[in-house]
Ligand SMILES: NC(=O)c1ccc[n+]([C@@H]2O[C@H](COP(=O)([O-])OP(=O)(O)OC[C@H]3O[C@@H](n4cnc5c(N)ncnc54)[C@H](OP(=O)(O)O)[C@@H]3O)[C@@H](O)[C@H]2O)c1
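In structure tokens, one chain follows: the form predicted on its own.
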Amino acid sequence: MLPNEPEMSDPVYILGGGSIGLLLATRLAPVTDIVLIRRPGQHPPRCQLTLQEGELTRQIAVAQVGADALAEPARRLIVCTKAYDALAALRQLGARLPADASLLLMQNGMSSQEEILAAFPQAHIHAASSTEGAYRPAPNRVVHAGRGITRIGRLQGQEQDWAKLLCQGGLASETVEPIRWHLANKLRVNALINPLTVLHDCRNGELLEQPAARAAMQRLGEEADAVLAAAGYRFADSAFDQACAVAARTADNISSMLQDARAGRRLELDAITGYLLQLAERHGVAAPTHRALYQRLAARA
């Protein structure tokens, strides 16, 4: 082990108490020490989280702390904030985030990862592309609405076995290379599902039951595949087929973007559709359906 390299005995800190942050906290708490980093402010040292999957409900107690009250260095950190908050949230930790910390980035889209790589050049950084379905009906309650798989790969620094940890927590996970291909694959699925669930105010599976939504998914998929092919990303199946499969598998899930819209929060539109439109402009590919959808939702974003 290199000097200052994170040890497997170090606690795993989870930055962000949204649906994915709570899902990971409840799944990993039985197998390792978990500390949930909340927004700055006063928080009890422990909180009781509720995990619901189907008819089963479990209560899990985890340690928690405000981002401004963290005492120990966060050497192993899973970043579960929104894409637009990720870099600022990490910087907020200041000296409590060691320069050579091990980070796992769980953000949607493909923009925040590049910003974090540039800001923390000595950190060991991995990114994840996950198809787990989860939503948060209450601040300390998470519903595991659809089983998926989390693919994890190294962006810079040394390999860290994050996939093994998630598997120990009962979440299907694997180490893959190159992770950017998997991030692009997740991007095209998110670009089809998330904005349309906001537009139609529906769960993932309901998109497949509405002819207008399904037709829009197909047009969005054709454009997304053309844009990503121009950027060097090619896939065996179409974005439409992939998105339909994900929507069916997570039929009861409320997409993260719809959760944000219903709560009056900012949408991750720039990290998903906005990033796809940037690629389209860079490579001279038309994406009129994505642009129209972006403009329609931009006021909420």
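Numbers for residues come from their place in the sequence shown, where the first is 1. Fair warning: this is a prediction, and the values are worked out from it, not measured in the lab.
Keep in mind that the form predicted together with the named molecule is missing from the display, and what follows is about it.
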{"query": "Of 81, 140, 111, 185, the one that lies within 4.5 Å of the named molecule in the predicted bound form (heavy atoms)", "finding": "81"}
{"query": "Contact of residue 106 with the named molecule in the predicted bound form (heavy atom, 4.5 Å)", "finding": "yes"}
{"query": "Close approach of residue 92 to the named molecule in the predicted bound form, 4.5 Å, heavy atom", "finding": "yes"}
{"query": "Partner proximity in the predicted bound form: residue 133 to the named molecule, non-hydrogen atom cutoff 4.5 Å", "finding": "yes"}
{"query": "Any non-hydrogen atom of residue 225 within 4.5 angstroms of the named molecule in the predicted bound form", "finding": "no"}
{"query": "Residue stretch of 212-220, 73-81, 226-234, 172-180 approaching the named molecule in the predicted bound form, non-hydrogen atom distance within 4.5 Å", "finding": "73-81"}
{"query": "Contact check for 10, 27 and 166 against the named molecule in the predicted bound form, heavy atom at 4.5 Å", "finding": "no"}
